[in-house]
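Taking the form predicted on its own, here's one chain by itself in structure tokens.
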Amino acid sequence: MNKIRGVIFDLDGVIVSTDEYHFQAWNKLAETEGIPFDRGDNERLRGVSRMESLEIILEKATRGYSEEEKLVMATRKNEIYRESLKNLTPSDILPGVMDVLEGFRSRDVKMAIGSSSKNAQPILAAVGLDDAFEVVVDGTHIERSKPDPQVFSMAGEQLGLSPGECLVVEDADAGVDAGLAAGMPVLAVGAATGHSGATIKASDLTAITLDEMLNPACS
């Protein structure tokens, strides 16, 4: 395995916690339509695009929806979600993140965001990390969301690195699949630690050292 020279982080659930905001927005939309939706359903939405998430929710609907109606619903969900992002502060940055970012910066390791979210930039700005990453690739830049590897392949290319030189950090199974499909080693954290294919695993970024992240083949 090549030496790791760059790290590509997923955003939600890895750098900052916005899971509850997503859940509340989808739940409000589902309630309006009379569609059952709970936290178990919400787990299925991890790492996938907004429209794909909507399709999963509509599996429980009692009627069909036109493509125009689906677009209206997805837009409404995003409006609810973006309104809730006004509550984000630096305190929403997850444990260990700041130490890891500073550690990689001191070692001249390149860093990027690879997220399916179309709200990555406002989220990063809200928590004060808008200048922390050399590259941000999100849902506004890609045509295919995770588990397709496009977001990570694009981030690696923009960092100027080969796939083997990039470590992906992910908290969703779909993201782990995407990183592996891109030919990159993957650190699975949080909910993704159950993924059998992950290169290395840690409960969160406080539970792993920089050396372990930069030498995943030895961990």
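In this text, residue numbers run from 1 along the sequence as written. Treat the numbers as computed from the prediction; the structure is a model and nothing was measured.
Another form exists, predicted together with a small molecule; not displayed. Remarks below refer to it.
Peer 1: Look up in the predicted complex whether Phe133 has a non-hydrogen atom within 4.5 angstroms of the small molecule, and give yes or no.
Peer 2: Close contact is absent here: in the predicted complex, Phe133 is far from the small molecule, nothing within 4.5 Å, heavy atoms only.
Peer 1: Taking 4.5 angstroms as the cut-off for heavy atoms, does Lys118 touch the small molecule in the predicted complex?
Peer 2: Yes, contact at 4.5 Å.
Peer 1: Would you classify Asn78 as touching the small molecule in the predicted complex, given a 4.5 Å non-hydrogen atom cut-off?
Peer 2: Contact with the small molecule, yes.
Peer 1: Val48 versus the small molecule, in the predicted complex: is there a non-hydrogen atom within 4.5 Å?
Peer 2: Val48: yes, in contact with the small molecule in the predicted complex.
Peer 1: Which is the contacting stretch out of 64-72, 48-56, 148-156, 186-194, given heavy atoms within 4.5 Å of the small molecule in the predicted complex?
Peer 2: Stretch 48-56 is the one.
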